Structures are given as C-alpha cells and as structure tokens.
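Next up is one chain by itself, shown in structure tokens, the form predicted alone.
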C-alpha cells in the first residue's frame, strides 16, 4: 500500500533461527505510513518472532530491517532511540505489578523522553481517556480485569507517542467477553491513522480493520492481500487449508 505514502518499515530477506530451527526463512515486506497489516498463520509459523525482530527484541541472522529510515540490524544503531517511536503490546500485558496505573504509564516517558512529570501525567490522563479507563489512575494491575490491563498496556505504549504500534496476539490471553473492549481500542487507533502490525487470531477484526493480511507459514510469507481477497478467495492451498480451520 504505497500510494505515495512513506514506507515506515522495510524488511528484506529476513532470516532468523532459534537453535536448530529455522523460524524465518526469507521474509520481505514493506509497511506504509498509516497502514494496518495483520499477520496470521498457524502456531509455530514464526509470527511472534517476526514481530519481535521489528524492534530487535530478537536479533536477526541475516537480512535488513529499516524502520523510519534507520537500519535497526546495524550494530551502530542505537536501538533504544528507535524503540521510542515503536510501541509494543504483548500477549501478557507486561505491566509493573508494584506500580499503579499512572506510575506504569509515566515511568518510561519521564525516564527516556525527559519530559517533565507534569507533562507525562497530562499525557497519561489523555491516553487513559482514549482507552476508556480514566477512573483507574490509582488502581494497581492486580485490581484490573485482563481486558483493562491490556487497555492500560496500549495506553502506556501510546504515552511514548510512537508512530508505529506492534501487537503480539493482544487478545489471546483474555476471556472471550473482554476481547471486544481491546479490539475496539485498536480499531480507534487504526481510524486515527496509526501504522500497525498485528499478530492475531481474531479473523473478524482482521477483516474489519486490516488494509492487508499476510499469511505466514513455515517461515515464509505464503500469500498476502486485502481482507476481501485473502480471506474470501485465497490463491494458495495452504492458505485455504488454514482458513478452513479458523473461519
């Protein structure tokens, strides 16, 4: 989807092994500004590893990943600086249990971005309002439902004012009735024009929000396309077999 829009993420010939296992065998993909790319595929297909490579939580074996014009696979790159513009939301929230919601949200902006505590708090209040949790500033993670924790985790990532958001199966640890509240927050982000790469099993959400769906299997991108094409009329037998099981 590069209709004159800036390429935010450019991956070329990415390879990654873990032990003896070749997890990613040869991945190339570009993601444009404001694009929502949903990555689907069976368990063990390399989806989470791919996502973690995009902010170098996993070191790659070969290939290049350019984020906002910076080659993050280069040893010279200050990855922490690049990560300030990449929000990451994990399956298991990763909140600090000993800090209340407000402190969870202001910790990184104050420490990393050097904005004042007052600015960080004001921004955190705005982001909590955005995810519908204004009344939970003083609550601790143990006092929140799974859906609330994940919404706080998204709001916390937004406090760094990233221009790219990565989501690694953000709803798979949630009770079914809490999935919708998290997906709604993500839908709002998409409509705000946030660049997002999302690994998910939520096919209805993928159909509604993705500009492009990428089917990953066996360490390769087997097929990619718009939701209308890929979900309804996939070219590849492996894609059809997978979709028959999940749709």
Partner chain sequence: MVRIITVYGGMLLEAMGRTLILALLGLFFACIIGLFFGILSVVKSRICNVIAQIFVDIIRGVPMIVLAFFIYFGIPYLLNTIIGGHNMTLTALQAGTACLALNCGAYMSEIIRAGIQSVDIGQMEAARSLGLPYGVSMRKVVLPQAIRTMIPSIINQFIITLKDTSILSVIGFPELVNTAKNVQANTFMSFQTWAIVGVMYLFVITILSRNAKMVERKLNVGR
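Being a predicted model, the structure only gives us computed values, none of them experimental. Positions refer to the first chain, counted from 1.
Not on display, but discussed next: the form predicted together with its partner chain.
Enquirer: Have a look at 117-125, 170-178, 67-75, 137-145 and name the one stretch with heavy atoms inside 4.5 Å of its partner chain in the predicted complex.
Expert: Contact-bearing stretch, as computed: 137-145.
Enquirer: Can you work out whether its partner chain is within 4.5 angstroms of a heavy atom in all three of 212, 220 and 231 in the predicted complex?
Expert: Per the other structure, none of 212, 220 and 231 touch its partner chain.
Enquirer: May I ask you to state whether residue 163 is within 4.5 Å of its partner chain in the predicted complex, using heavy atom distances?
Expert: It does not: once its partner chain is placed as it appears in the predicted complex, residue 163 has no heavy atom within 4.5 Å of it.
Enquirer: Although the partner isn't part of this model, could you tell me whether residue 111 comes within 4.5 Å of its partner chain in the predicted complex, counting any heavy atom of the residue?
Expert: Yes, contact at 4.5 Å.
Enquirer: With a cut-off of 4.5 Å between heavy atoms, is residue 107 one of the residues that contacts its partner chain in the predicted complex?
Expert: Because a heavy atom of residue 107 falls inside 4.5 Å of its partner chain in the predicted complex, the answer is yes.
Enquirer: With the partner left out of view, is residue 203 within 4.5 angstroms of its partner chain in the predicted complex by any non-hydrogen atom?
Expert: No, no contact at 4.5 Å.
Enquirer: Does any residue in 71-101 get within 4.5 Å of its partner chain in the predicted complex, counting heavy atoms only, and if so which ones?
Expert: In sequence order, 80, 83, 84, 86, 88, 90, 94, 95, 96, 97, 98 come within 4.5 Å of the partner.
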